[in-house]
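Given next, in structure tokens, is a single chain: the form predicted on its own.
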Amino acid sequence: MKRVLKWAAIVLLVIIAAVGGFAAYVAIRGIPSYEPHVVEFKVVSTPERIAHGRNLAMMLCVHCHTDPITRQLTGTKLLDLPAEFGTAYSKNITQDREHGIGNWSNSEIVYLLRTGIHPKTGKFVPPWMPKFPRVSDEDMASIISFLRSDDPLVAAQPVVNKEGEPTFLAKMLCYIAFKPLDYPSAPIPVPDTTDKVAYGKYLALGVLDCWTCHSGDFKKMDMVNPEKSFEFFAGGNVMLDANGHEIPTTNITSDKRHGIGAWKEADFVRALRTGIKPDGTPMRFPMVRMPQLSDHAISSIYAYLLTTPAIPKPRQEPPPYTIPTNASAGMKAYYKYSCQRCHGESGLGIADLQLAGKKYSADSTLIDVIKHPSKYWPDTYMPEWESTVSDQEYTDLAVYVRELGKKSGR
């Protein structure tokens, strides 16, 4: 018996030493690197591809890579990254040759987007940057055409990239759960857009990556087989708003009580197009509206989601904000409509609201900007508030926006 206990103790010590050694290796080495491969991807830019690529980039790249100060894709802190993964910054993807992607080839861009491996350094891009192994070659060519275009968003800017600070958990997951994806062995065709379920699946899983945020746990995602992910589309992943407050993602399975099974197609189209849900409340940041999608594309996503397994997982409400009891009417409206979740409590979140008061000196203009934001910025993520906010609240919000600008001293 003593011999058995002795050997058991030795085995236990060996296991502890091995685990400890691996943990130390992960902590010291950090995010792993791999040998990048050379691939060939040719792109012929056309006006149609540039326009389509811009629409795709507005949904896939702009949200994370836009700096609210430069208003270009020069990179910024990822405000919605869950705290358990640490801090991270998106990269400068303008055409600057030193700090951006101006000296990258088309093939290198595609290689990174499809595999997650940096084509020049071999460094693995952590899971907070989406990978696109299922995006068609045509859509990929359109994205690259936009990145090479003369659009002001991607004009060269020599903004130095900032390095993030991933937690030990994030580093460990990059060794045991999140691995680089294989580069496709054959061309990826555009799906049949007349088959709404197939097209919706392509958009939800391949292009927009809806499943990653709306599944149950980032740590249990299956990048190769999304449908096998934990609580597929049932929500619950904890993300952050512009102030670092927790926002659990929503159940969008076919469940009629907790998901979108009871929604009408028109409800779903309106929500993604305007940012307003059937109950009249805005979608919660970091979820934003997608005006770039056609009604057909949105209805196709809806058709596909209705085919997903219904998971009766209740919606999780985020912790409420506390505002002063003597808050102004404008501040109350600002928090009532969740403006702070995007714009930040100071007015500087994913978009710079602090200078709006100076930019729109007339109250009538500022109110119109709040009421009809897409009239001023067609690609804006800001919800369309028409018929949702009262006339008095528009006036109160305009006053409060000016107060935020004065407090900032800008």
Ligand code: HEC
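Everything quoted here is computed from the prediction, not taken from an experiment. All residue numbers are counted from 1 along the displayed sequence.
Another form, the form predicted in complex with the ligand, is not on view; read the next lines as being about it.
Think of it this way: in the predicted complex, the ligand has a heavy atom of just one of 310, 156, 303, 101 within 4.5 Å, and the residue is 101.
In terms of contact with the ligand in the predicted complex, the residue from 141, 283, 331, 223 that brings a heavy atom within 4.5 Å is 283. Here the chain stands by itself, but in the predicted complex one stretch of 170-178, 320-328, 184-192, 70-78, 70-78, has heavy atoms within 4.5 Å of the ligand. Although the partner is absent here, residue 86 lies well away from the ligand in the predicted complex, with no heavy atom inside 4.5 Å. Contact between residue 250 and the ligand in the predicted complex is found at the 4.5 Å heavy atom cutoff.
Proximity of residue 345 to the ligand in the predicted complex falls outside the 4.5 Å heavy atom cutoff.
None of the heavy atoms of residue 55 is located within 4.5 Å of the ligand in the predicted complex.
Contact residues in stretch 384-401 (any heavy atom within 4.5 Å of the ligand, taken in the predicted complex) are 385, 397, 401.
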